[in-house]
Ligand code: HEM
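Just the one chain here, laid out as C-alpha cells, in the form predicted on its own.
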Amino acid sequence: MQVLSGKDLLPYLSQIRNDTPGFLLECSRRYGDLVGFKVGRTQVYFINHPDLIRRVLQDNHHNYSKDTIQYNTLATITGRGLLTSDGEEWLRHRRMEQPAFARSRLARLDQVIAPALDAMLERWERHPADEVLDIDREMMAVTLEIVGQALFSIDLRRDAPRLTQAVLTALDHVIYRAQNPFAPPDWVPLPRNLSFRKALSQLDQAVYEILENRRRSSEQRDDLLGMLIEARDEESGGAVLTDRQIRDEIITLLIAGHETVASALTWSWYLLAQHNEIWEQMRDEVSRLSADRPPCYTDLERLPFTAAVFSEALRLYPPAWLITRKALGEDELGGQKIPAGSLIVISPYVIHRHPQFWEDAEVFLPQRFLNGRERAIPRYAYIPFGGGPRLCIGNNFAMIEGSLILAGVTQRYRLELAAERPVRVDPLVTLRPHHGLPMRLREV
C-alpha cells in the first residue's frame, strides 16, 4: 500500500480543493485500490474495491461511524437526522420512517409527480422559444415540490425557488467550512456567515411552519410527517421525538430527497444532449406510451431504457460522490491494519470508473443496465445510494421519480445545451454543474 504524507500531497493541494473526485481517481489509477494519506495526526485510507467497500459499509459496519468532518459539518444544517445520526438513534429513526417508503406508497408516487411535472411543463410553455433555462434550477424546484408533497403533504410550489436558493446557500457553506477548517466560526458576522445564517433561518422558519400548521389542523394525513408527530414510546406513551428532532428529519429528507435526484436528472439531460442516438432511443420508448397523460407508475415496466439512462447517469455522476467513515476500533482491510480513529474514504465516482468492473468506464452506455446485464456488476462496484444497512432509504423513490420525470419531459421536449464550452463539475455536497446548466427547449 502506498502512503502519501503531507509533503507528498503539497503538489496536489489545488486539485484536492477544486477537483477532489479527479484527485481520488488519479490516486486509484496510480497507486491501486488501497491508498493511505497521513494528514497531521489523522491516518486516512482511500479504498476503491468492492470487497473493501463491502467490509466497511456492510460486513463490519458497526465498527465505522459517521463521526467525520463530512457529516459533522453537514449536521450544522440537518442536525442529527437520518443522514448524520449513528447507532441506536439512527436505527430507531430508520425503523420509524421506513413505512413511508413502502412499495404500496411508492406505487402512488405518480399522483404527486404528475401534477408537479405538468406545472413545470406549463411554465416552460410560456417561455420564448429560444430562451435559455437553467435546467439545474428547474430540476431542483420540481424535485423539491415532489418530496414536499409526497412525504409531508405540503405544497411548496410557491416557495420552491426561495427554498431551493436557501438550500444551495447552506450546502455551499458546508463545503466552504470543510475546505477551510480554520476559517472564522459561523457566529462571526462576515458576509458569507450572514448569508448562511439567513439561509438556515429560512429553512427553519419553513419547517417549523409546516410542523405548526399540521398540529393546528384536525385533518389526519397518512404521510411521513404524521408518522413522526404521532410516534409514541411503547412504555411511557409519550412522544418519541422532540420538535427539534422532527425538524432535523424534515430538513434532512427535504434536502437529501430533492437535491440528489435533481443532480442526477441534471446530469442525465447533459449526457442525453451529447448523445443524440441515446436520446432518440429513449424518445422511441417513451412515444409508445399514451400521449394524452403523463407517464405513471404502471408505465415503469415499459420504460426499461429510460430507467437505464437514469442508472447510467447515476454511475457517471453519482450525487453522493463521497462517503466517509471513522474506524471506532482496529480493523483489517486488504491485509492492511487499520488503527482505531482512522478516516476511511470511499468515492462512488471513482469505484464507478474502476476498469476491472466497468468496460469503457468513461463512456455513457445505458445498455449496461439492460437485459439483466446489471446482475453481473459486483454489488459494491455500483453504489450511487451507498450500501449496507445505511443504504439510502429513498433509493426506490429516486429511481421512480427520475424515470418518470425523464419520460414526461421527453414526451414534450428535447433539451439542447446552450453553451459550447465544456461543463465544469463542482464537487460540492453533490456533484453540480458550475454556474448551472443552461439549455434550450425544442418541442418534439
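Predicted, not measured: the structure shown is a model, and the values here were computed from it. Start at 1 with the first residue shown and count on from there.
Another form, the form predicted together with this ligand, is not on view; read the next lines as being about it.
Participant: Report the stretch among 373-381, 48-56, 413-421, 397-405 that approaches this ligand in the model of the complex to within 4.5 Å, counting heavy atoms only.
Facilitator: Looking at the other structure, the answer is 397-405.
Participant: Identify whether this ligand in the model of the complex is within 4.5 Å of every residue in the set V345, V350 and V429, based on non-hydrogen atoms.
Facilitator: The answer is no: none of the three residues contacts the partner (heavy atom, 4.5 Å cut-off).
Participant: Check each of R123, R94, R302, R293 and return the one that places a heavy atom within 4.5 angstroms of this ligand in the model of the complex.
Facilitator: Looking at R123, R94, R302, R293 one by one, just R94 meets the 4.5 Å heavy-atom criterion.
Participant: From the list A327, A206, L225, L82, which entry has a heavy atom within 4.5 Å of this ligand in the model of the complex?
Facilitator: Only one option qualifies, and that one is L82.
Participant: Is there a heavy atom of K66 lying 4.5 Å or less from a heavy atom of this ligand in the model of the complex?
Facilitator: K66: contacts this ligand in the model of the complex.
Participant: I'd like to know if L151 sits close to this ligand in the model of the complex, meaning any non-hydrogen atom pair within 4.5 angstroms.
Facilitator: Yes.
Participant: So, in the model of the complex, is V39 in contact with this ligand at a 4.5 angstroms heavy atom limit?
Facilitator: The answer is no: V39 has no heavy atom within 4.5 Å of this ligand.
Participant: Is V147 part of the interface with this ligand in the model of the complex - any heavy atom within 4.5 Å?
Facilitator: Residue-level check for V147: yes, a contact with this ligand.
Participant: Considering only 386-401, what residues come within 4.5 Å of this ligand in the model of the complex, judged by heavy atoms?
Facilitator: Going through 386-401 in order - heavy atoms within 4.5 Å of this ligand in the model of the complex - the hits are G386, R390, L391, C392, I393, G394, F397, A398.
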